[in-house]
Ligand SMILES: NC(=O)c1ccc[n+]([C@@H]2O[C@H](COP(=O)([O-])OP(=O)(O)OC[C@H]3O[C@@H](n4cnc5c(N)ncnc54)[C@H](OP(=O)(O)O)[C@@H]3O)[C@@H](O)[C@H]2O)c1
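Consider the single chain below, provided in structure tokens and representing the form predicted alone.
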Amino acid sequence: MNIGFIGTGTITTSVIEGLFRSKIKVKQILISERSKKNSTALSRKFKRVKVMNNNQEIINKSSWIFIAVVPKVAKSILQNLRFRKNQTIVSFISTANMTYLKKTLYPATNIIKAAPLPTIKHKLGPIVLFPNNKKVTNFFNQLGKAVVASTEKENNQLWTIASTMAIYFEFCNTLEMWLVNKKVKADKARAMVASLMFGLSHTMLMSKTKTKDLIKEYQTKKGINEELLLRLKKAGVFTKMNGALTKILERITKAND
């Protein structure tokens, strides 16, 4: 089948990179010229990627359409595009709810919201989906871990957690810089932190133990893990995190109303 992408930013680029690392079979991938730097690079790298200068032509020639533009651009272009009833439309637009999508993309009815992250480039990370669609879920499970929301409300809640990517790297950078400031070489500091985080994430993915029990398992009485955890709890770090996530959820929910 042919699949098309309207919008060629970081997420589209990452999805396509992941696609060519997977066993997913596609005849051709049609992408919009915007952004020109990304679209040119993709078409040069992959023979099956073709750049189109007309979004309607992408729609006309594709079975599946991925809409990957920012909300402001979406409002200005989607109303002028015509979709087919039998097409599968996957929207990456964070602020577009199903009511808006169904109205704007009519007569297409097979519409799925998806939230892939840049890690999909390496076939890693979660992809939040709503509503459930077996073919789309199977597609994304070959590019990472599909997490299907039961309701649009739950979808918004799951999307909220995607806002933690930058703070994760800020946390890692804090650890690295602490070591560097103690005169540890930068490459050694990075290797230490990256390997530690990878090991902990792998443990969480592979273990059937509840996360709250892993917290207990990875600290000893009077040990350094217990001490650091207690110090951060006393400083209110995790309480503030909960409050900040609630604010992000409010923003996403308001945008989707």
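As the structure is a prediction and not an experimental result, all values here were calculated from the model. Residue positions are given as counts along the sequence shown, with the first one as 1.
The same protein has a further form, the form predicted in complex with this ligand, not shown here; the description that follows concerns it.
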Legend entry - Location of this ligand contact in the predicted bound form, chosen stretch of 110-118, 138-146, 82-90, 166-174 [non-hydrogen atom, 4.5 Å]: 110-118
Inset, instruction - Answer for M192 alone: is it within 4.5 Å of this ligand in the predicted bound form, judged on heavy atom distances? - result: no
Legend entry - Close approach of N132 to this ligand in the predicted bound form, 4.5 Å, heavy atom: no
Inset, instruction - Indicate whether M98 is a 4.5 Å heavy atom neighbour of this ligand in the predicted bound form. - result: no
Legend entry - Partner contact for Q157 in the predicted bound form: this ligand, 4.5 angstroms, heavy atom: no
Legend entry - Of N60, T209, Q28, S35, the one that lies within 4.5 Å of this ligand in the predicted bound form (heavy atoms): S35
Inset, instruction - Identify which of A41, L196, V70, L229 has a heavy atom within 4.5 Å of this ligand in the predicted bound form; exactly one of them does. - result: V70
